[in-house]
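Listed next as structure tokens is one chain, alone, in the form predicted on its own.
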Amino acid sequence: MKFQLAPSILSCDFAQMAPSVEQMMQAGVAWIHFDVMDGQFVPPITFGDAMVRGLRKLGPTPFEAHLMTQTPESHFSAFRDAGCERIIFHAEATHHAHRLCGQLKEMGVGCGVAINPGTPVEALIPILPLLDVALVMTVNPGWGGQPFLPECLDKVRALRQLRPDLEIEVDGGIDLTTLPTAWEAGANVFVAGSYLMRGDSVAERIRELTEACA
């Protein structure tokens, strides 16, 4: 599977959001990742579709919305209309993941489902044929800067065996040490946030992560 970097805007300085996203786009990333939190599914509140809409004009890089929200289906249309090509919701947020996947397909949006560290990979098996991407959380969702949980990579390995053609995304604690480990386990899409913001140059950090799997 092709290596893809999907930097998250969560750790960006919100006063400098547009320049940061422009740097990510100019560095050639595959996706811009929006961590949407509602204060219910996870304690923090981040932003809504207006943020996506405002940044969409900066360039053509695809956007994905990661909905860490209750009733995620309530927000599908808003994020699609704001410019997201892919929407990811959490298996833990609904009893009707199969139906929600069908809704996204009918809307013409890429369909993704995420699982938390405490959720077994078996939660994804009934909907595996419907997925464009499976997101394996490698931290507990809600905050950036948490340490990577290596035991979550067993789920990545299992998914890669079950569907060799599937885009498998990992989110949480991604840096120069953990990214190659996740790549070796079978992940190919990497959400990086805090690591990108800790350096002097976002573009340089993106280059380093990309070369780590070259």
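Heads up: residue numbers just count along the shown sequence, starting at 1. Predicted, not measured: the structure shown is a model, and the values here were computed from it.
Separately, the form predicted in complex with D-xylitol-5-phosphate (DX5) exists; it is not shown, and the next lines address it.
**Student:** My question is simply whether V189 lines the interface with D-xylitol-5-phosphate (DX5) in the predicted bound form - judged by any non-hydrogen atom within 4.5 Å.
**Tutor:** Looking in the predicted bound form, residue contacts with D-xylitol-5-phosphate (DX5) do not include V189, since no heavy atom lies within 4.5 Å.
**Student:** At the 4.5 Å heavy atom threshold, is S11 in contact with D-xylitol-5-phosphate (DX5) in the predicted bound form?
**Tutor:** Because a heavy atom of S11 falls inside 4.5 Å of D-xylitol-5-phosphate (DX5) in the predicted bound form, the answer is yes.
**Student:** Is it the case that P141, even though its partner is missing from this view, gets within 4.5 Å of D-xylitol-5-phosphate (DX5) in the predicted bound form, heavy atoms only?
**Tutor:** Yes, P141 lies within 4.5 Å of D-xylitol-5-phosphate (DX5) in the predicted bound form.
**Student:** Contact with D-xylitol-5-phosphate (DX5) in the predicted bound form for K155, defined as at least one heavy atom pair within 4.5 Å: yes or no?
**Tutor:** Flag for K155 set to no.
**Student:** In terms of non-hydrogen atoms within 4.5 angstroms, which of the given stretches 181-189, 54-62, 22-30, 164-172 touches D-xylitol-5-phosphate (DX5) in the predicted bound form?
**Tutor:** Only one stretch qualifies here: 164-172.
**Student:** So D-xylitol-5-phosphate (DX5) isn't shown here. In the predicted bound form, which residue out of C84, L100, M137, V113 has a non-hydrogen atom within 4.5 Å of it?
**Tutor:** Flagged contact: M137.
**Student:** Would you give me the residues of 65-90 that have any heavy atom within 4.5 Å of D-xylitol-5-phosphate (DX5) in the predicted bound form, in order from first to last?
**Tutor:** Read in sequence order, the residues that approach D-xylitol-5-phosphate (DX5) (within 4.5 Å, in the predicted bound form) are H66, M68.
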